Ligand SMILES: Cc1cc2nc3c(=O)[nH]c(=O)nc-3n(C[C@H](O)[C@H](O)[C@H](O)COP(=O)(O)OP(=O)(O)OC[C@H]3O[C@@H](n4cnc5c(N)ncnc54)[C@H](O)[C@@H]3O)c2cc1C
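Let's start with one chain on its own, the form predicted alone, as structure tokens.
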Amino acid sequence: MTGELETKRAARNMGTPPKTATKAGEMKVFGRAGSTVGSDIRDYLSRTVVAFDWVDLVDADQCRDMLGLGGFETLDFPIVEFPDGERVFAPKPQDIAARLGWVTAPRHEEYDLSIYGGGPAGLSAAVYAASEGLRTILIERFAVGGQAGTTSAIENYMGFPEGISGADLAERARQQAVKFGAELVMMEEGVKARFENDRIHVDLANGSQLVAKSNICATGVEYRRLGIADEERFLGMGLFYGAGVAEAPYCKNEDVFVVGGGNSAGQAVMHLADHADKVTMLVRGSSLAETLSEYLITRIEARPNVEVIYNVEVAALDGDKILRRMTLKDLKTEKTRDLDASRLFVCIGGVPNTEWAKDTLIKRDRAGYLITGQDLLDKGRAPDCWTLDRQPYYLETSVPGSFAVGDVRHDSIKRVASAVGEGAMAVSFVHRYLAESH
């Protein structure tokens, strides 16, 4: 590894990372033209604001000229070439993260606060907690930003009149958090939690354990699936969940489809329309007025290469190695029709990422969201598992010292601004809890 990359890795571990892992053009990713293999690499690098060049190889001659390699048809793509010349064949995002220095391990045996999830709510909590002197660690299983990090433009967040991409906003927040001393452990997640001795003990996926006096759950939501056959088969092979920010530049001269009628789907449509020949928005409802912000409706209606089809759902997917076709079902007539489709972006909301809580005393609603504060009370009484004389704080779960913020919380407002606000507010309650309990 070059001295430059060693310096960048050390900087990350000390909490003073550069804005990007590489300079423009330093990292190259080679893929086979016409294939969607490697979309997860593009997504990861884009969301972590790492500069890279994606190179489509069209034949064996080009492969030999650019890489000096034969066997074009049998090579394991994508091929990632790092600034020092090292090549990695068909890596997973976590392999790249480790190579660039993103994956670190907890440095302390115990923390004042552990935060799970690196979306706007979790990052906000990390910034405020660390800046106020709490020993803070944030665990993120993929890339910072959460679902907001996949948004091409957040235009209704105060202070950014021209809008800002979710990835850029998250990267700024990450830098701010580590500047104040928060530890960020990437490509890691908690798989089981238990609460004992006024501590939360979390088993991490790598086999280690994390202990903290308090915790904030900001794990957000998982992308909701279509619930049809062959989704896993075509995932990353023409079927994508989210706004497709990383995929949009590769949709030139293509007709693409977006499923969903909410703001995330609307943003995806507008971003993809800057690159694709045509974008078709597939909506279950009969209008966009109930689910989409007015400013997005106006833009979608005015965009000549955007079509909206109402009262439909995707009923089936078909193809060979990649997605080729889909079947649409008219929800009014029950009739179906087949359409050619090589790129389908699904933005239909999400389900809470709270499976880890099933064996704990943390209360969840029927949909799996974490219940907090006054919503825990029944006729003014806290649940039987509540162990303190006081009532739960506003963002506190049924376990004292364990808080929930952002989209994962029952009855939360699904906006970036409210998530950021809840993250900051939760830290004030953490201070109160630590003062009374430790």
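A residue's number is simply how far along the shown sequence it sits, counting from 1. Note that the coordinates shown come from a computational prediction; the quantities given were computed from them, not determined experimentally.
Heads up, the form predicted together with this ligand isn't pictured, but that's what we're talking about next.
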Margin query: Can you tell me whether L210 touches this ligand? I mean in the model of the complex, with a 4.5 angstroms heavy atom cut-off.
Written below: no
Check: Should L239 be counted as a contact of this ligand in the model of the complex, where contact means heavy atoms within 4.5 Å?
Finding: no
Margin query: in the model of the complex, is there a heavy atom of this ligand that lies within 4.5 Å of any heavy atom of E189, even though the partner is absent here?
Written below: yes
Note to self: Please tell me whether any heavy atom belonging to G220 falls inside 4.5 Å of a heavy atom of this ligand, as the geometry stands in the model of the complex.
What the structure shows: yes
Check: Exactly one of S131, N156, T360, N311 has a non-hydrogen atom within 4.5 Å of this ligand in the model of the complex; which residue is it?
Finding: N156
Notebook entry, point to check: Among 68 to 76, 331 to 339, 136 to 144, 364 to 372, which stretch has residues whose heavy atoms lie within 4.5 Å of this ligand in the model of the complex?
Noted result: 136 to 144
Check: Heavy atom within 4.5 Å of this ligand in the model of the complex: which residues of 261 to 292 qualify?
Finding: S264, Q267
